[in-house]
Ligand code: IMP
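Starting off, we have a lone chain in the form predicted on its own, written out as C-alpha cells.
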C-alpha cells in the first residue's frame, strides 16, 4: 500500500493543524511548518484573506517540496463594517491573544442591535513557490453578548452559527468541523487534490 501523500499546512497554529487533520482524515499525511526547521516566518502583509494565504503558501512552498496549503481566516462583523476581518488574530492588540480579542469585540458590540457576522476562510494550494488554486468558505451567524462554551478557540465562544442556538465553543469540533468556514474551504481543496495530487 502506498503511503499517504504529504500535505504541509503553512501554519504554526497547533489548533488549526489539528482541525484540518481531523477533517482530512487519513487521505494525507498532514504536517505543519513546526516539523521543518528550515521554514521562514512569513509576514502577513496582505490586506485581504487571499493575499495573506497566498503569501504563506507560496513562501513555504519555495522551501519545501510537495503540496503546501495555507489559509487566512477571520471574523467579519456587519455592525463593525466587516472588522476585525484580516486583523482578527490581533484585534485586541496582541497577536493570537484570544481573551483580548474577545474582550475588544464585546466592547465594540455593546449596545448594537445588529449582530450578524460571518467567519470567512480563504485557502491557497501552492507548489514550487506558485499558487495552483484557491478556495473560499463562509459560515453565517451572529455575535452574542456573553461568551459561552469551553471548546474551540478564537471567537468561537461568541459566535452562534445560523440554524443553531449554541456557540461554536459549545457545539464542539465534531459539529463545527461539518459546517465551519474552514471545513467548507477545505472540502473544495481536498476535492481538487483528489483529482490532481
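What you are looking at is a predicted structure, and each value in this text was computed from that prediction instead of being measured. Basically, rigid core = biggest C-alpha set you can superpose within 1.5 Å across the two forms. Positions refer to the first chain, counted from 1.
This protein has a second form, the form predicted together with this ligand, left out of what is shown; the following refers to that one.
The candidate stretches are 129-137, 58-66, 26-34, 149-157, and the one lying within 4.5 Å of this ligand in the predicted bound form by heavy atoms is 149-157.
Using a 4.5 angstroms limit between non-hydrogen atoms, residue 92 is distant from this ligand in the predicted bound form. Residue contact check for residue 184: none of its heavy atoms lie within 4.5 Å of this ligand in the predicted bound form. Heavy atoms of residue 98 reach within 4.5 Å of this ligand in the predicted bound form, making it an interface residue. If you take 116-136 and check each residue for a heavy atom within 4.5 Å of this ligand in the predicted bound form, you get just 119. Once both forms are fitted on their rigid core, the CA atom of residue 184 lies less than 2 Å apart between this form and the one not shown.
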